[in-house]
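Listed next as structure tokens is one chain, alone, in the form predicted alone.
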């Protein structure tokens, strides 16, 4: 490693303060020293981290990437320093996480108080979105996304993997014949999650692989909770992840239908993704571990 770790806090201050002069004021160092440190770091890395002129400073794309790594390095340095000093390095700081609304409401929200009690110095900033992967670059620390590993540059840990189930309301089941194959079930499907609204959704009928068209003649919604409530109130039959069915099936608000028409195992997958493995900060590590823990309880 050609660059010095002591130069990292200076670079972070330059980025966060928006310039060399402002960074020198915060750091209590001469402007010339801060400028020299930045030049030395860029030379050692062989990268242009910022573009600067007499009027302003702009962080380059390479600088943005190195800045995010620098923050994680500083987290690790602080943790190592605390351990070396014989202190317990309690996780602290803010975790910014992008998560699907349904997952947040149904799985995470009931356990937020528990997390706060266990980690009082960690604050959560939860961004509810189905496009979390697009926010990872600049806006969030981690994201919970539908599906397994999506990018070779990201670390992915599966939180939930399970099949879908066909469900309907008890009143609908009592007034309709819910037996048969593709032709029979198709006439009862009136709403489904958008991600399952494919022209060739793979299923098995009595173990034989085939496909079902859920792209036309079906209302689509990007929330499993909305589809679930629609079905509870008489909107025919729908395929939903079992993750969101436990309470409804147990209480009798929903019943299973067309058990002979099944999906391949792990048709519904939720994963947590983040940019780095080795430099995962303490506050992010405890939150990721916490997500895995509460998902195992489902």
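Only the largest set of C-alpha atoms that superpose within 1.5 Å between the two forms is called the rigid core. Residue numbers count along the first chain shown, from 1. Quantities reported herein were computed from a predicted structural model and do not represent experimental measurements.
The form predicted together with the DNA is left out here; the points below concern that form.
This chain appears without its partner; in the predicted bound form, the one residue of 52, 69, 242, 253 with a heavy atom within 4.5 Å of the DNA is 52. Think of it this way: in the predicted bound form, the DNA has a heavy atom of just one of 248, 271, 35, 268 within 4.5 Å, and the residue is 35.
Checking 255-263, 24-32, 229-237, 59-67 against the DNA in the predicted bound form, the stretch whose residues place heavy atoms within 4.5 Å of it is 24-32. In the predicted bound form, residue 288 stays away from the DNA, with no heavy atom inside 4.5 Å.
Taking non-hydrogen atoms only, residue 19 approaches the DNA to within 4.5 angstroms in the predicted bound form.
When two forms of a protein are overlaid on their rigid core, residues whose CA moves 2 Å or more are considered shifted, and residue 288 is not one of them between this form and the one not shown.
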